Structures are given as structure tokens and as C-alpha cells.
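To begin, one chain is listed below as C-alpha cells, in the form predicted alone.
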């Protein structure tokens, strides 16, 4: 190995290290501030770790704030949205992958068109549509909106996984007497578990961290999700950084556990199609 290749390898690894530090440092700072007592937040200046740790912010968030309600609402909305979108996207993605029908390309173009509009432009019309139906200030309304906005991308994502499965497998199953739905359920669906995991992860994360519609469609704490709930730690004249960071750390736990649970399928799903065999 010559000196140029050694230098290139070292430079490449240094770049990766810098990227990892850049990506993880905000999370480290989130944790650091969450365990810093109030009396040290400003008195110690900028330190990599406080001289004294305290979990007072976590105790306040869990026992004396509405964060448990925000947390529960986010779990309901994100979980329901992820399951509904993945189910519908699996069916529609399979239809786009396997069937040819009149208006198919116009349907695809329309689904792409829905992704081109800035979300802030759609807040007022959606509020006007949901208000007469009684779906504002409700978790059901959020699930409906999140489902509508996530289905197009999730459909294209699932379609790409179905496209990677040979049609000959289904044809062989049909020769053995299976119907189209049986071939889909027993042959195709198990092979797309990585794709389903990737879609679940994407939709869950998108719904879990969404702020704009949750802020505009929800008017009370009883139906607020945690991104909106974080704003309750901001008062007119001050910001409770310690409590806000503690709430942020707690909000990371479900997402981390969820991805830990599906990581085996997620890695396969994200790399599917990258290597052609």
C-alpha cells in the first residue's frame, strides 16, 4: 500500500469521524443539559459535562407537567399512522407493481404532484375541511392528515420492493392453485418484510416528530403531541432549557426502541436493490 492510498484512507476515515461527531453532538448536548442542575446551567459557562449531575428536570417533567399526556398522544398518533399507512401502501404498491390498468400513470403523476406543494400552504384548507367534521383538536384528525401525506411516498417505497421480487414466484404459486391474494399473502408479503420495516420506520418517525399540523390543528393540551408540548416549556420571558431537554431525551426513547426492534429488517430494507445478483 503506497503513501497516497494510506493518506486517502486516513482522510476518508477522518471525514466519517467528523460526520459522526457532527451528527451525535446535538444528542450529547441534549443529554448534558438535561442532567445539569438549574443553578449550574448559566453559572458554569460552556463545559462538556456539568460538575454535578441532577435528575430534577426529569422528575419535574414526569410528575409536574403534562408531558405524559403529550407522550401518550404521540404514541397513539405515530403508531396508528405507521400501521395504517404501511397497510395501505403495501396494497397500493403491490397494485402499481403488478397490474396495468387505465389511468395508472395519471394516478402516479397525481400522487407525485401531492408531494410538490409546501405544507404550510395547505394548513388553512385542511383546517377548513376538518373543522365541520369535528376533526380539529383531535387525535383522529391528526392521524387522517398524517396518513394522507405519508401514503404517496410510502406507496412508491413499497412499490420498489415489490418490483424487486420476481413475478415468476407468483406464477408458480398460481400454477399450484393459489389465487392472486394467496400468492400475495403467502409468497410476496414475507419477502417484503424488510420493505415493510423500512416503511414503518419512516412513517413512524415522520408522524412522531411532525410539528406544523399538530400546532395548527390542536388547540388544547389534552390532544397535543410532544413536539407541541415542548413549546409549553417556553414562557413569555424565559425558557426552561433543562426541562425542555429532559422532555426531549424522554421523547427519544420510543423512537430508539422502535428502531432497535426493527433494525434487522430495516438494514435489509434500506440496502435492498443496492447489489444486483
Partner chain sequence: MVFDATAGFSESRRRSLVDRITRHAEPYLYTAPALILIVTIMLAPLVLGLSYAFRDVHLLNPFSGGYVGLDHFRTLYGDDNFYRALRNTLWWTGASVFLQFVFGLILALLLDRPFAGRAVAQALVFLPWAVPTFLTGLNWAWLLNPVIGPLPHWLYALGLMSEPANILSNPQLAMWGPIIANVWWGIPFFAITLLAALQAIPRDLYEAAAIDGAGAIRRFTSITLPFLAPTIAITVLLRTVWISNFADLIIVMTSGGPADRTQIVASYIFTQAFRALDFGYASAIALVLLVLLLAYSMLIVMLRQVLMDRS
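Computed from a predicted model, the values in this text were never measured in an experiment. Rigid core here is just the name for the largest C-alpha set that superposes within 1.5 Å across the two forms. Positions refer to the first chain, counted from 1.
The same protein also exists as the form predicted in complex with the partner chain; that form is not shown, yet it is the one meant from here on.
Out of the listed residues 131, 114, 160, 140, 114 is the one that sits within 4.5 Å of the partner chain in the predicted complex by at least one heavy atom. Using a 4.5 angstroms threshold between heavy atoms, residue 37 stays clear of the partner chain in the predicted complex. Using a 4.5 angstroms limit between non-hydrogen atoms, residue 71 is distant from the partner chain in the predicted complex. In the predicted complex, the partner chain lies farther than 4.5 Å from every heavy atom of residue 218.
Mapping the unseen interface onto this chain, residue 123 counts among the residues with a heavy atom inside 4.5 Å of the partner chain in the predicted complex. Residues of 131-148 that come within 4.5 Å of the partner chain in the predicted complex, judged by any heavy atom, are 144, 145, 147, 148 in sequence order. Relative to the superposed core, residue 24 undergoes a Cα shift smaller than 2 Å between the shown form and the other one.
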